[in-house]
Every structure is written in C-alpha cells, then in structure tokens.
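Only one chain comes next, encoded as structure tokens, the form predicted alone.
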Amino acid sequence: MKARTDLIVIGGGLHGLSAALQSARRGLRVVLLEGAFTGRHASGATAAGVRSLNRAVEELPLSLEAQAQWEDMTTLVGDDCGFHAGGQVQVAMDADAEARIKARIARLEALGMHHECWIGPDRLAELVPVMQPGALGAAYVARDGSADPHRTIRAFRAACLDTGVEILENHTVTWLAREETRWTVVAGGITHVAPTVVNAAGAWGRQIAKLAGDPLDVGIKNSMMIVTERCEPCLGPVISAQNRKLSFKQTADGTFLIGGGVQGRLRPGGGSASVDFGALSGAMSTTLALFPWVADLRLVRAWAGMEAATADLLPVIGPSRRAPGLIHVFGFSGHGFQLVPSVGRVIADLAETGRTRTELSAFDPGRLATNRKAA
C-alpha cells in the first residue's frame, strides 16, 4: 500500500522540522521521516548560537532575516525557544586578529551591512567583566545571542504536529526512486509517494543524495562540547576569538558551555561520534587564557555531535540539478542553528512554487556534484 502526500521531508533535525512546518502552513500535506527521533544528532548537540557575527557574506541575507524571526519566535512556534539576545563577541587577542576583524567589518560596511561593530578594550571589559584583561578589542553584535536547543526542538516538533505534519520516528529511509513525476520513498516498511522530497538528513544527507541519484561531495564534522557545573550568572554575551577555536557561553541554568569546533572521532560504522579527550584538552587553552577561573570548575559532561560539512563551509540549499523534485537542505558545517527559521521559509517557497526570492547560487548543490552514478 502506498501513502500519497504532497511533500516528504527526510530528516527530523531542526531544518527538517522548520521546512515541514512552514510547508504545511501553506496547505501542503507533509510527512516527515526520521531514522531515530527528532533532534537526535546535530540539532540536539549544538551550542545553539544565534549568530550573525563572523558569518560568510553569502549567508548574511538569510542570517539577518533569521535574526528578526528569532526575536519574534513565539509567532512562529508558540515559544521563544529560550532565545536570549545577550550579544556575541569575537575577541582579538593579538594584532593580526585585530587587523582581520577590522578588515572584515570594513568589507561588510562597504556592502551596506552594519550589524557588526568594533569595540575597544574598555567597552569589552564592561561587557565581559569576568574576562582576563589584555585583549585588544573585539567585534560585537548586540542583537545576537543564544537559545535552548532542546526547547527549540520541542517547540518546532509541537508546532509541526499542531499544523498537521505527520512525524514518523524510527523510520529509516531504505529506498528512494523517481517514477515519472513522483518520488517513491520506503521507510519503516511503509511506502510513501509524493512529487517533492526534501533531503534534510544532516550527516546522512549525502547518503540520501546518493540514493536519489545525485551524489554530492560532502564530509562529516564531529564537533565537541563541554558543560561545567552551575554557577551564579556572570557572563552575558557568547564569546569567541578570532584565529582561535573557542565558543564560550553561560546557559540560563548557570552552566558554561565550551566548544568552538574542536573535532571528535567518528565511531566505526559511521553512526555516531565519540569524544577525543586529547583534542578537547588542547582546546581548553584559549578558554583558560581568557577565563582562568574556569580551571576551578567541575566539568560535568562532554559530547560529540555529527553534522554534514562542505569544503567551502557553505550549506547545500536548493533543488537538485540531476533529480527533479528533490530539494537539498543540509551541510551547515556547524553553524546552521540560527538559520533554521529563514531556511525553512526558503524550502517552503521551493516546495510550494518551485521558486524563492532568496538568492541561492552560493549554496547550489551542483557545486558539490560528483561524476559517480548512484548504485
């Protein structure tokens, strides 16, 4: 028996949920297929930075659109998702870092983008009084901040269900084929048929692309995070550092999250990742240089996530060139959280009409196409 619908979304991470939600609100019948449970991988392992700071210029239109949506997230999903606009700061610890930041801000301003500004050491000390003195200054975006990733997943999932999206968890896709004008997708022993499929499978996005006959050259990232014991609130902005691997923030419950792109290890079989404690220890050096008191905190947990990553670190967003009716949205390379609401709007545009007002050429799946044929 075949279940017919308008749109099949493969992948129950936040980008899959957002695409499903916003497509359903336009009247499409949507089925979302997830191999584990919603938010199981990258969406549940993220530091949840809501960041326009230091983004690629190509991503900024989507990022700035998303920024406004985060400030009014309750309208989209009935919950603010724990978003807190405490700002984001990128510290310059030496003259080279200062020069790079100032050059980037000048390029952005030449393009008419004024969301980033340079702040000197005195203003930096006001914003982050618990940081060790000595930094030369920083880039700063006051409207940036962070959110609660698990609260965000719950809110998007609930909004999807309220809107009529059928979410099927523990339904791994095992077959995917185009027949005339429709796709047939087999998952969990059920055959689904729809004219359009969205590949939002994250770390498994390249496997779905290959099954669909559109193999793409995409890798995997296994970024690690550490969480500390709870402390009294003392840190407002999210802190990063130019030329250094650092992401440091205090959550609403008082814990500190430490990350910044240090990589763990992919487990044999490729289904999960593990923590590389040696690499993690090395990554603490920047944190301790800026916040030496962290050495006295108890580290409670560490983990490694899995996410698709592209060579140019730009996501894959847009219709497949080789597989009609297939839309890719994955490969966010560790910085897709903030873009969830705006990219969901783009995918809903494409699913509903085949077009979008947003310029997607930088994210074209064709740039990553390989010459290999699908098996």
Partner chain sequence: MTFDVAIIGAGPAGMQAACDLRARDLSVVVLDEQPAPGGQIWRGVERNCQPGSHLAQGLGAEYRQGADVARSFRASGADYRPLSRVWQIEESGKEATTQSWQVFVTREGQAEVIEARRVLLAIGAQERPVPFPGWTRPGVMTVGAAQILLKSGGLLPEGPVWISGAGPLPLLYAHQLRKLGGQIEGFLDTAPRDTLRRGLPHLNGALRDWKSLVKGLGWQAGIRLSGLRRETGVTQLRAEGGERLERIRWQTPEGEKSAAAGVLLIHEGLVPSVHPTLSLQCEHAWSDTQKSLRPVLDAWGETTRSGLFVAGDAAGIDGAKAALAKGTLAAIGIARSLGVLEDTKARQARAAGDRALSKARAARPLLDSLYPAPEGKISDDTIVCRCEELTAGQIRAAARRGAADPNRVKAETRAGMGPCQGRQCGYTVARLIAEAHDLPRAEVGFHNIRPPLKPVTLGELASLGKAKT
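Numbering follows the first chain given and starts at 1. Just so it is clear, the model here is predicted, and its values are computed rather than measured.
The following text describes the form predicted in complex with the partner chain, which does not appear among the structures shown.
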Interface residue in the predicted complex among 154, 143, 178, 123, criterion: non-hydrogen atom within 4.5 angstroms of the partner chain: 154
Sole residue of 112, 133, 278, 233 within 4.5 Å of the partner chain in the predicted complex, by heavy atom: 278
Contact test, all of 55, 76 and 88, partner the partner chain in the predicted complex, heavy atom 4.5 Å: no
Partner-facing stretch of 24-32, 37-45, 334-342, 59-67, counted where any non-hydrogen atom is within 4.5 angstroms of the partner chain in the predicted complex: 37-45
Distance check, residue 295 to the partner chain in the predicted complex, heavy atom within 4.5 Å: yes
4.5 Å heavy atom contact, residue 301 and the partner chain in the predicted complex: yes
Any non-hydrogen atom of residue 265 within 4.5 angstroms of the partner chain in the predicted complex: yes
Any non-hydrogen atom of residue 226 within 4.5 angstroms of the partner chain in the predicted complex: yes
Residues in 73-100 close to the partner chain in the predicted complex, defined by a heavy atom within 4.5 Å, in order: none
